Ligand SMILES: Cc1cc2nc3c(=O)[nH]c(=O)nc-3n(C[C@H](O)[C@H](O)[C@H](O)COP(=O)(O)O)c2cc1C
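Single chain ahead, written as structure tokens, the form predicted alone.
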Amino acid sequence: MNTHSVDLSVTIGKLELPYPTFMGSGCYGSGEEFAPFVDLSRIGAVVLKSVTRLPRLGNPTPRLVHTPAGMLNAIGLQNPGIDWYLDHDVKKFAERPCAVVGSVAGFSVDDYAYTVERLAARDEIKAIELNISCPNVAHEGETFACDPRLTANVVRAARATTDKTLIVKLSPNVTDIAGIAREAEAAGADALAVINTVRGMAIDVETWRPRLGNVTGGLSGPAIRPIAVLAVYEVARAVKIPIVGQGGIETVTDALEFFLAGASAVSIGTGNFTDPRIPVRIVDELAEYLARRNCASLRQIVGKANVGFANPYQFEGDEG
């Protein structure tokens, strides 16, 4: 089979993409930074850095620490706030030859609803990622993504403000991610991004102090890939909405694990820091893999390693 005849397109809610590749929030800027090195028309979408209702300075430095097979980060959602963002940044996103997905974070249900409504109203933004892995100040530091009820509340509030595609990013730092996923789906999520970073820390053995200014941070990179693949596998058995798999993807083999576990698309984050061409290489090699296996479309292999896969509609019109 010719690689040019392989269909790599994916539908996530109302978002229709020619390629199943998202660029992780905070890991690809707005795409503009990588345009000199990568043909942005050959990636699916760029997920922007999370924006909040009010400006945030972020966490104290150091904010990044390299670890074996990964990276710890504790940026602290540094951003200029939605007002400045809308006035100065969003207009230029219309120039991107790929889809642009906004990302929203918050510290109360009202924060999320307000920011989602304002950001989603812009034509340049094709979909919204709901980053619910943030401390919920109103509930004594609980994280929205770690509580089924809080997850449902914030997703429902965001859903009420827009009919654009809503992708809810889940945290792995829970005992039952499938249960959280079901709550997000029931509350109106169009898709789920699985997973966010894993909590971790590193200590300087010479100074006897934590290496991050915030003490703890989020671990990303290849070290968390097996955790992420398992999470996708479990979530795919629990919901019927599409999944964007993410966590340590650097090669086509990495991406294939997520597709076979039940993800309809993949998001590439930390890998872009070492090679921003990874997304295009994965797309090329994915087409070669599917052609070699006589698969006409990516949809034919989604969930094929997952016996309890709960997304039968994904395979409509496909054989194999």
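In this text, residue numbers run from 1 along the sequence as written. None of the values given here were measured: they were computed from a predicted structure.
What comes next is about the form predicted together with the named molecule, which does not appear here.
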- Note on the structure: Assert contact_stretch over 242-250, 83-91, 113-121, 173-181 against the named molecule in the predicted complex, heavy atom within 4.5 Å, equals 242-250
- Message: Whether Thr21, Ser264 and Arg299 jointly form a contact site for the named molecule in the predicted complex is the question; each needs a heavy atom within 4.5 Å.
- Response: no
- Report whether the minimum heavy atom distance between Leu64 and the named molecule in the predicted complex is within 4.5 Å. yes
- Item | Partner contact for Ile224 in the predicted complex: the named molecule, 4.5 angstroms, heavy atom | yes
- Message: Tyr289 versus the named molecule, in the predicted complex: is there a non-hydrogen atom within 4.5 Å?
- Response: no
- Query: Looking in the predicted complex, any heavy atom of Thr270 within 4.5 Å of the named molecule?
  - Reply: yes
- Across 56-78, which residues bring a heavy atom to within 4.5 Å of the named molecule in the predicted complex? Leu64, Asn73, Ile75, Leu77
